[in-house]
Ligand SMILES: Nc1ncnc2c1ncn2[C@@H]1O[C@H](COP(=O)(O)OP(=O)(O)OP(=O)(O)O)[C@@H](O)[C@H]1O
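One chain follows as structure tokens, the form predicted alone.
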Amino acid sequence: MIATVTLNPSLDRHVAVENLVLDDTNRWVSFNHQPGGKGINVARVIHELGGETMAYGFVGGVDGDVLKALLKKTGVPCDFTSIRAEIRSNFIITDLKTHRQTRISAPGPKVSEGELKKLIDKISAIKPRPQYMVFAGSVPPGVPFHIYRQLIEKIKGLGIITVLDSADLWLQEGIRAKPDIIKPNVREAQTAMGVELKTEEDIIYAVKTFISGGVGIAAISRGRDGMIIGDKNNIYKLAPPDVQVMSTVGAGDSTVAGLVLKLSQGGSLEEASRLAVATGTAATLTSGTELCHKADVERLLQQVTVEKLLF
């Protein structure tokens, strides 16, 4: 089983307009809302692909109730820790004329020390223990920036394989706990390393640096250019098929889901990487905050190209 932990979940609201005009009234063409937060997205995709998952994290307020109801409707199992504050709302506006997206993200609710302790106690006492635990996304106010380091150290001690997908100080501190898998994008990897990654050689160097620092598998996603991934034995460069991108929301989370799911099934790093890129690409075919469809993933899988690089 693959558990996910989302410290800063959200209710993501997507509005599509025909032609966005600033300083004027715009009437939407379509509207929908979906459960959000990186870890929750990972759980949704694992469920879509037929894997076993459980979503953990904080939830509170009316929007929190809506989030839980939406997950229940789609059959995604969850076991959230309640907080007094309302979870955040994120807004995505898609201009159908230009195909450009505007995203407005909230910092999240204030979380108390007591609420944080309840979540830590819950995931520390999980029974039966999952094979993998994915820590993903931002951290809400009131939660220390080194929380991922603390959680990864604790969970690794239980013999659970740890996965980290975050950014900024949360990623930098989390890496110090030597997670088994990380999946930053290029910008996030740059920030974590403190150097610019301008070329493919720079990204390969970054992957090797993360691995030599104690990370088991380092994957750096590159958007339309695919992904470079490696462990202590191999490095691969993967390129996605050329598709018409509808939305990039959740593509990185879908990539994590595909990677971890295949590894949990005993797949090789090459096989897992191929599924990861296919899953991330499939997510771009859907609009707004909708994630990938299993049929798209299966169709795209053999179109992903893989090149083994010199280690």
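Residue numbers here begin at 1 and follow the sequence given. Computed from a predicted structure; not experimentally measured.
One more form of this protein exists, namely the form predicted together with the named molecule; it is left out here, but the text below deals with it.
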- Message: Among the candidate stretches 174 to 182, 119 to 127, 106 to 114, 224 to 232, which one is within 4.5 Å of the named molecule in the predicted complex when only heavy atoms are counted?
- Response: 224 to 232
- Note on the structure: In this chain shown alone, the residue from Val260, Val59, Ala43, Val277 with a heavy atom within 4.5 Å of the named molecule in the predicted complex is Val277
- Query: Could you tell me if Gly252 has a non-hydrogen atom within 4.5 Å of the named molecule in the predicted complex?
  - Reply: yes
- Message: Would you classify Thr281 as touching the named molecule in the predicted complex, given a 4.5 Å non-hydrogen atom cut-off?
- Response: yes
- Message: Considering non-hydrogen atoms and a 4.5 Å limit, does the named molecule approach Pro140 in the predicted complex?
- Response: no
- Would Thr248 count as a contact of the named molecule in the predicted complex, using a 4.5 angstroms cut-off between non-hydrogen atoms? yes
- Are there residues in 68 to 97 with a heavy atom within 4.5 Å of the named molecule in the predicted complex, and which are they, in order? none
